[in-house]
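Before any questions on binding or motion, here is one chain by itself as C-alpha cells, the form predicted on its own.
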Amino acid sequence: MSTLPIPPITYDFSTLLSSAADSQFARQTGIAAADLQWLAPRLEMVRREVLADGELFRKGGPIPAEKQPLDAAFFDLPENFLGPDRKTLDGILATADRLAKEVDRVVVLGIGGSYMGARALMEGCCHPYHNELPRKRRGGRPRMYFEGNNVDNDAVQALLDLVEGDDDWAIIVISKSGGTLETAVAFRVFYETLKKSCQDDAEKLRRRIVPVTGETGKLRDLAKAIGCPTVFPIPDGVGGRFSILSAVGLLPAAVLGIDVVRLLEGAAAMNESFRTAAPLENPALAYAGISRLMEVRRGATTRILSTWGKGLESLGLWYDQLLAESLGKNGQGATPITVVNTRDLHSRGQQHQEGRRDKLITNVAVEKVNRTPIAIERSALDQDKLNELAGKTLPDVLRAAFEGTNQAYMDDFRRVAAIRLPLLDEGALGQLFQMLMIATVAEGRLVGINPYGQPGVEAYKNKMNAILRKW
C-alpha cells in the first residue's frame, strides 16, 4: 500500500439545518435538532446491520429469506485486493500492461454497472480528450470506447468503422451471467469483426479478448470455447452496480493507466470511516440519513446531484443507476438526477430555483484543480467588458458561480448540501464511490427496502426476449 495519506472527502449538511429562531417557513424546509436526535441512534443500528450483513456473507452460511438477495461482498473488495487477494490485482495490472503494449484501442462491452463505473473512472481521471491525443501524450495507453450498453445500430456501426481492418485493438467484455442481451449481441458482432482483423490467427484472437464474468454462465462458457487465456471473475456476492471496485472497473481503469491501487486505498479509507466515525460525522451514514429525512419530512423526492466540473458527469450517471435500481422498489425511492454546472444552470437551473419544492440539491465540488488555472487577460478589444475581470481565473469564475447559485437557492429556502473533494483524483474517487455505495445500502436498511437485486429490470429483459423469439 502507498505511504501517502488519503485526504478525506467530506459531507456537509450544515446548510440544511434550521433553528428555533428561524421563520416557520424556514423551519418547514430544513432539518431541526430534534430530527438529528431522532436520526442518530437509528443510523447506529443501520451501521451494525450493514456490518453484520458483510459478516454473514463472509461466513458463508445460509442467508435468511428476508435478506435475499444479499450482495454485501462489495464492502470488502478494497481491503481484499490490497491484502489477501493482491495476486488477482497484480494479474489485472499485468493484463492491462500487456494490452497497452499490444493494442492502440480497447472496446469495452457492458451495460449498467458493467459499464458505467469504468466510464466514470475514465472521465474523472483521464485527460478529457484522451482518445484524441497521440499515443505518447496518452502515456502509451490505448484509446478506449464503450459499447454493448445500447442497441443503437448506427452507433455500433460507427465504432466498427473505426476498428474494421485493423489488428491493433482488443475487447474487454463484462457481464456476470453473459445473458444480458445488449452486451451479448455486441460481443458477437465485435468478436466476428476482431476475428477477421486477426486474419484467423487464433492465438492473437484469444489474447485480444479479456472477459470479466461470473464463475458460471454463458460468457464463462464462451470464454472457454474461445480459449481466452485470461478471464477475471466477478466475485459472488457482488452485484453489477456495486462492482466498480472489482475487475469490472479496475481492469479498464488499469488499461488507461489509472492508479487503481490509490483508488482502492481511498475506498478502504471510507470503509474505516464507516466502521468508526460517529453517525452524523460519518459521510456514508450521514448522507443516507439526511437524504432520507429530507425526502420523508420535507418532500424532497427528487435528488439532484449537482456536479461542478465536467469530469464528474459520468460519476453522477453511475450514481443515478445505483440509487434508482437499489431503492426504486415497493412504490418508494427518490428520483435521481445529475446536472453539470455551470452548463445546466442554463437549462435546469430555472426549475431548481423557482419550480416545485420537491428537490434536495447535493453539490459535488472539487476544491483544487489539477491543471494550471487559466487567467482572463487584459485586451485592447474590451467590447465584452472583461478587462474589469482581468487576472481572475476560470476556477475563480466557477467558485463565484458556485457561491452565487447556492446563495440564491438558500435565499429562497431551497435547501442544499455538499460533498467536497480535495482533488479530483483516484484517492478521492475511491472514497466517493465507496461512500455512495455504502450510503445506498444503509438507506435501504433504514427504510426496510432490500437494496440488492433489480426485479423491475429483470421484467423488461424477460419480455424483450419473449418478443424477439416470437418474431
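One rule holds for the numbers: they count along the sequence shown, beginning at 1. All figures in this text were calculated on a predicted structure; none of them were measured in a lab.
Although not depicted, the form predicted in complex with 5-phosphoarabinonic acid is the subject of the following passage.
Contact annotation: Asn282 falls outside 4.5 Å of 5-phosphoarabinonic acid in the predicted complex, judged by heavy atom distances.
At a distance threshold of 4.5 angstroms between non-hydrogen atoms, Asn271 is out of contact with 5-phosphoarabinonic acid in the predicted complex. Although the partner is absent here, Ile111 is a contact residue: one of its heavy atoms lies within 4.5 angstroms of 5-phosphoarabinonic acid in the predicted complex. In the predicted complex, none of the heavy atoms of Pro252 sits within 4.5 Å of a heavy atom of 5-phosphoarabinonic acid. A single residue from the set Glu313, Glu325, Asp76, Glu265 has any heavy atom within 4.5 angstroms of 5-phosphoarabinonic acid in the predicted complex; that residue is Glu325. A single residue from the set Thr362, Thr338, Thr180, Thr95 has any heavy atom within 4.5 angstroms of 5-phosphoarabinonic acid in the predicted complex; that residue is Thr180. The candidate stretches are 288-296, 76-84, 163-171, 111-119, and the one lying within 4.5 Å of 5-phosphoarabinonic acid in the predicted complex by heavy atoms is 111-119. Contact residues in stretch 82-100 (any heavy atom within 4.5 Å of 5-phosphoarabinonic acid, taken in the predicted complex) are absent; none meets the cut-off.
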